[in-house]
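Just the one chain here, the form predicted alone, laid out as structure tokens.
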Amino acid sequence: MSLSRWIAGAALVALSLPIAARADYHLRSPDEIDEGELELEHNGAAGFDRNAVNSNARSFTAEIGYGVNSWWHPELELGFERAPGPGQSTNANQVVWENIFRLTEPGEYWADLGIYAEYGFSTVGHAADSTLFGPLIEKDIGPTTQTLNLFLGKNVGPNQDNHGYDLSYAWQGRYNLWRAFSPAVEVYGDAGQIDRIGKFQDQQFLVGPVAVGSFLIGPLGKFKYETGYLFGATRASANGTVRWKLELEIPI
């Protein structure tokens, strides 16, 4: 493992504190860095609930990223969000600078390790900026790939509505059946502020099946997709959430 990767990761930790959480329904992998590759990405999620007040939440992103080298992949994201409930509109709410740092080569150690960090600039008046940071862990076990994200977060700036650190996590267990289609199970959770974690029913927790695949499309590179349905397992979660990810990887 090169010293420069550890130095970059440590510097990013220092720059990212304090840190913040953002609702997100897709996994980051330490092995998704491809040097010299341009990525165009769209993520989306739509929540549904029996109670109309808690239903119809939406979030969308448009992202562009680039593999600067073999261990650093920055992205710039424009985020859109619609609050749950009737009569809400969808508005741009954040411009986010994201970074993935790979700390180990694939298969070098017991698991592949990386660091994720982002800073979100709010585009909404009287709303706080946010940051997010945490480790990325991935391991192949037989024909499966297990990916775990553990994040801490905190709103920053004069408009923050709380001063605590939020703990969120995500896990995917994928069975590598076929490049064009592999079934997976995903879990997304938000335990809340780490100094006041409450009952499980008051935390966000979603779990459900997901399909993952990719296709080669000639000189354009590779098209990747993920789509699934997440069931809310607590009263703090929407009954159901559809989530998707579309990505075009273009070698340059």
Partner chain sequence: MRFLLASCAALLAAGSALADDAVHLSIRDHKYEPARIEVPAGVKFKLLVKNEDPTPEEFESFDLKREKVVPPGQEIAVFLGPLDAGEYKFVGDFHQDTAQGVMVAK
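All figures in this text were calculated on a predicted structure; none of them were measured in a lab. Positions refer to the first chain, counted from 1.
Just so it is clear, the following notes concern the form predicted in complex with the partner chain, a form of the same protein that is not shown.
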item	value
Any non-hydrogen atom of residue 169 within 4.5 angstroms of the partner chain in the model of the complex	no
Residue contact check: residue 109 to the partner chain in the model of the complex, 4.5 Å heavy atom	yes
Partner proximity in the model of the complex: residue 65 to the partner chain, non-hydrogen atom cutoff 4.5 Å	no
Residue contact check: residue 37 to the partner chain in the model of the complex, 4.5 Å heavy atom	yes
Within 4.5 Å of the partner chain in the model of the complex, all of 42, 98 and 173 (non-hydrogen atom)	no
Listed residue (122, 155, 149, 145) with a non-hydrogen atom within 4.5 angstroms of the partner chain in the model of the complex	145
Heavy atom contact within 4.5 Å of the partner chain in the model of the complex, the stretch among 212 to 220, 57 to 65, 195 to 203, 44 to 52	212 to 220
In the model of the complex, residues of 159 to 193 near the partner chain [heavy atom within 4.5 Å]	176, 177, 178, 179, 182
